[in-house]
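Here we start with a single chain on its own, the form predicted on its own, put down as structure tokens.
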């Protein structure tokens, strides 16, 4: 399973790359706004430091406006992927952009048929938001399981990005279901490497070693 880092913070991205844990990046307007910098400059820097795909989201809500923004974003780098919302206008834009060879990531997916529609329109990626479903007492991972099964049934090449990940358990469940990608906030990425028994073991080994050295 590939790991994308869900952030617009360049320092977090660089730290993830140094650990070998960044296969790509996903951003959105909310993440970009947190950086308090010129968003265009941030986007260009991210594209320059990341070898893998970088998802950049459009703001327009109509198909023509989305396509116009998408073409400009795609021109910023060969690894740019355009995030398009799961709406009727968004699907029109996905179809147009896919025919032009521009990769798209259909975002804000909350049920399996939405993912099926996006794949049929030519999306390179679909992003089911599992954490937000969990927040309203629905089982977010259930739709990931259904989407993976549907795509396998019909041979879609569209990749499944498990998004809105809140904790390491979400990453584990995504991997067990065979999702292509998990897009993970930096704090959760760090949590994946930690376990209290690991820390206790290190402390014990160091203590034992110091007793030998005395």
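On a predicted model such as this, the values are computed, not experimentally measured, just so you know. Positions refer to the first chain, counted from 1.
Another form, the form predicted together with SN-glycerol-3-phosphate, is not on view; read the next lines as being about it.
Engineer: Which single stretch, out of 44-52, 58-66, 144-152, 23-31, brings residue heavy atoms within 4.5 Å of SN-glycerol-3-phosphate in the model of the complex?
Structural biologist: Careful reading of the contacts points to 23-31.
Engineer: Among 72, 120, 103, 132, which has any heavy atom within 4.5 Å of SN-glycerol-3-phosphate in the model of the complex?
Structural biologist: None of the other options qualify; the answer is 132.
Engineer: Taking SN-glycerol-3-phosphate as it sits in the model of the complex, is residue 163 near enough to touch it, meaning that at least one heavy atom pair lies within 4.5 angstroms?
Structural biologist: Residue 163: yes, in contact with SN-glycerol-3-phosphate in the model of the complex.
Engineer: Using 4.5 Å between non-hydrogen atoms, is residue 158 touching SN-glycerol-3-phosphate in the model of the complex?
Structural biologist: Close contact is absent here: in the model of the complex, residue 158 is far from SN-glycerol-3-phosphate, nothing within 4.5 Å, heavy atoms only.
Engineer: Heavy atom within 4.5 Å of SN-glycerol-3-phosphate in the model of the complex: which residues of 170-197 qualify?
Structural biologist: Stretch hits: a single one, 183.
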